[in-house]
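Here's a solo chain for you in structure tokens, the form predicted on its own.
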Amino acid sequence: MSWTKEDLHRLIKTKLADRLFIVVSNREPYIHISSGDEIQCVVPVSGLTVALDPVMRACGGVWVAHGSGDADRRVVDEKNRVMVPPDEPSYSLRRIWLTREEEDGYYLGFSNEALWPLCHLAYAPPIFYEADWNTYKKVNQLFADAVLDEIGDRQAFVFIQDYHLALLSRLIKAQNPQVTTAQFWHIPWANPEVFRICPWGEELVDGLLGNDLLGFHIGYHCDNFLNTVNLLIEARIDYERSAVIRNDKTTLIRPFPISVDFDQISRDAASEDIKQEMERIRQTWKLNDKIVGVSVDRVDYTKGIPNRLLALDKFLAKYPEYQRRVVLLQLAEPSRTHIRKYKELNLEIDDLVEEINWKYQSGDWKPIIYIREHCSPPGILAFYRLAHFCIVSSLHDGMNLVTKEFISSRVDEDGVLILSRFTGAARELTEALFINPYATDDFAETIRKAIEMPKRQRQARMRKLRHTVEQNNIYKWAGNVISELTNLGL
């Protein structure tokens, strides 16, 4: 039996009793934007927020996040709160406001020019500026102030998300030691020799050890963290319990492979609206007689988009019989465009798309349809449903939830997942076709294998993949985190 929303709700009511449940993240789950004279509420493209929104719908509570929409201030109350989702309000979104300078230093600077490349093996060197580090500390304090304001004199469990808020648990407990905190690190953790180049590595590790529980996607990242602690700071490591004891305070270190709401995605993907959107896409892009591949990414250098395009180029050159027959739909959400490395990546992708399309296009056919814009969740489901194969070619990824969204959407039990070995998802999704995104020739061969795989074999693989995701859904993930906390006497 797979976990359900109701199962998680019962667990939280039993285990957390009257404690206030708070999730904290940089990105908010709903953004309000101006659209003419109206205000629209949109869902950002974010694996983190899409994964956690069902959890919050199940258990209620408060989500604290940075308000980034141009109409966000217009819909909050005097405490900067708004109830979400708009169609079925079930929890409170508490927004905090950052100046342009704070956002530049904390988010673009230290989080994404220092920590992001530090933790991903994608050959982009991290950049460390003390001013960015100071802003990072300042913004973590702003988040702590908002969380403490929400808690007041109540008992609370605070669930902190990701690398933007590594100092938060320490700051919260400095003011209220009774608060229970857990943190989930959504990206890989670098090996100790890499992490030690960070000038403030000791402070970051000490901040994370303020948590009662610290989670990563896979055991390998847990091991890297424990070894980093051993290298950088004075602490006792209990390898048998996978715990760190520092100043008489214990932090449990655990793997929790994150997932998605399998049942909800499956229901949505089977809806009449999605079928109509699939038909609209077919007609718009003239796909009726085509073999369709799909990829869905933020434009990020860790996602291996250029590697994917080069593999497609190699495939079409080696197997010309598939020219005019195969189309790759590349959905790409612009990301961090103010950072130089991302500007360069955008130019590189544009050049590759233009070059490959120019080389092979014939009549109204071209091999790559590059859609660089925000796409709604229903729209993405329609693209997933249309695809004969889905390519996830990350150079390094903590998990990658596109894989699990694609699988959950395939209610027809068809389609092939081509998956990088360098994702956390590769540990679970063993029926995918695995690639090394750097090995272009083998990558091209895998595309051919996916296209030519017999239907019976495709369906057998997809049924196993769907069973895996169904049994290990987002509610089980959250339930495992809550259950682990009970081992601490919560």
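All residue numbers refer to positions in the sequence shown, first residue = 1. Remember, predicted model here, so these are calculated numbers, not experimental data.
In what follows, reference is made to the form predicted together with a small molecule, a form of this protein that is not presented.
*Asks:* Of these, 47 to 55, 451 to 459, 34 to 42, 436 to 444, which stretch puts a heavy atom within 4.5 angstroms of the small molecule in the model of the complex?
*Replies:* Contact criterion met by 47 to 55 only.
*Asks:* Exactly one of 180, 112, 183, 224 has a non-hydrogen atom within 4.5 Å of the small molecule in the model of the complex; which residue is it?
*Replies:* Contact check passes for 112.
*Asks:* From the list 145, 162, 348, 263, which entry has a heavy atom within 4.5 Å of the small molecule in the model of the complex?
*Replies:* In short, 162.
*Asks:* Does the small molecule come within 4.5 Å of any heavy atom of residue 187 in the model of the complex?
*Replies:* Yes, residue 187 sits close enough to the small molecule in the model of the complex that at least one of its heavy atoms falls within 4.5 Å.
*Asks:* In the model of the complex, does residue 27 have a heavy atom within 4.5 Å of the small molecule?
*Replies:* Looking in the model of the complex, residue contacts with the small molecule include residue 27, since a heavy atom lies within 4.5 Å.
*Asks:* If you check in the model of the complex, is residue 315 within 4.5 Å of the small molecule, heavy atoms only?
*Replies:* The answer is no: residue 315 has no heavy atom within 4.5 Å of the small molecule.
*Asks:* Is there a non-hydrogen atom of residue 91 within 4.5 angstroms of a non-hydrogen atom of the small molecule in the model of the complex?
*Replies:* So residue 91 does not count as contacting the small molecule.
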